[in-house]
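Take a look at this single chain in structure tokens; it is the form predicted alone.
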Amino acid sequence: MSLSSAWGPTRVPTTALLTDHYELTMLRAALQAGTANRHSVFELFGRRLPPGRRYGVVCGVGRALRALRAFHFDEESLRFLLDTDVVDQPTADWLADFRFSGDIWGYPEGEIYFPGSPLLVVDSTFAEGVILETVLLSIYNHDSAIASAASRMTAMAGDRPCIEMGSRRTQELAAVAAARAAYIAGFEATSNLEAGRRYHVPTRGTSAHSFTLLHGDETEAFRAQIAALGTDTTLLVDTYDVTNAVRTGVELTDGKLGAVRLDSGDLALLATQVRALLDSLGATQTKIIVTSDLDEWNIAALSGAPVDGYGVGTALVTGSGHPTCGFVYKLVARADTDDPGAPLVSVAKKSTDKVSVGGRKFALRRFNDRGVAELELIGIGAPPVGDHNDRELLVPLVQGGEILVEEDLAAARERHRRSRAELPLEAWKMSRGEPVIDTAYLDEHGSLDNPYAPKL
């Protein structure tokens, strides 16, 4: 076994209790009523994008499949459920033998999504499908929110790299998932070492202000850092006086300093001044990295400044104001009996502002002759017919309980790059707007109004 293959956790605890109480009380009632084994289809989707967003990014697929693999009820979990009367003994007996045996289709990781996109289709019994609801929503809502924000940031950054550094601004395990999601959406690296170990996301980091303050003066601190990390290191130059710090760093490295980091003040103005100073000192190859509460709007505003990279923290790990995607998980079709061959009946919610579209979904992205996306086309009950350049969006993830997809992050990262590049130019605008392409439904009669379309 290579060292790198041994980095991941060797033992994953059960994920079965990462769920809501009512999932198991529904199971308990359905088992008692004799309806638990009815063939059912569940769908995970979002009714709308966060206000002003023009597209979203699918993320969390790999983590969800990993959670599914570890979704089993061990003796300790079952004892807790019985002792607290969440389940009765017949339900506990059913859970003890549980292993998901159904089929799951989904949008692959890194793909773009729009309102109504059926990101996951779970085909199983009611019992097997319903108890997965919470853990699937938890992963998809978080990871897709982070990836969607990260995509906007990397779009604004262009060729300049972004580094994720938000671990101290969110819950410790959420930070690991956020680093993974950001990397898929184009970030180059993370400060989080667990994300490096678990997911092989490249890690970066040098020093904070405390390291400078530890030493008698800036020269002593910089000399110590350079001695340990080499001249290619990045020096944090705004602890005291930026100009003096830059001069000191260049002098200590004979003009070969790798980079300086600016973490406060008017970043555009400072970057311009520092670039001029570095060039005047002959350090023309020294890069300028900026941090300090950056978001996609700040990054866009810095596009004309002589900046070589961005470090992003708080805004990224909080979804840049939208920490969840609002995804829901709904039953869209079910049989009337336990007969495996019983026909499926479409079911849907009619609640005000919370409607759903019944029926098993199939999805296709329609492109024009120039290869630009122009429509999210969703078939109900049957796949919509595409032409030579349209793309089917749902891929098999699980078949007969067997997980089919084992994908590294590089593939998801490349998929996202390609998928985002297919969008109309309006997708890159930072002004508030509606989804950049529409969603349309096709049923056996030809068409159906989109209930998720923005109301005028």
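Start at 1 and count along the sequence shown; that's the residue number. Everything numeric in this text was worked out from a predicted model, so none of it was measured.
One more form of this protein should be noted, the form predicted together with a further copy of the same chain, which is absent from this view; the next part is about it.
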Checklist outcome for this item: From L269, A276, A228, V385: within 4.5 Å of a further copy of the same chain in the predicted complex by heavy atoms is A228
Checklist entry - Among the candidate residues S101, T203, S303, T219, which is the single one with a non-hydrogen atom no more than 4.5 Å from a further copy of the same chain in the predicted complex? => result T203
Checklist outcome for this item: Only one of 108-116, 369-377, 295-303, 313-321 has residues with a heavy atom within 4.5 Å of a further copy of the same chain in the predicted complex, and that stretch is 313-321
Next on the checklist: Within 4.5 Å, heavy atoms only: does A421 come near a further copy of the same chain in the predicted complex?
Outcome noted: no
Item to check | Contact flag, R432 vs a further copy of the same chain in the predicted complex, heavy atom cut 4.5 Å | outcome: no
Item to check | Proximity of R334 to a further copy of the same chain in the predicted complex, heavy atoms at 4.5 Å | outcome: yes
Checklist entry - Is there a heavy atom of K256 no more than 4.5 Å from a heavy atom of a further copy of the same chain in the predicted complex? => result no
Item to check | a further copy of the same chain in the predicted complex - contacting residues of 35-61, heavy atom within 4.5 Å | outcome: T35, R38, S40, F42
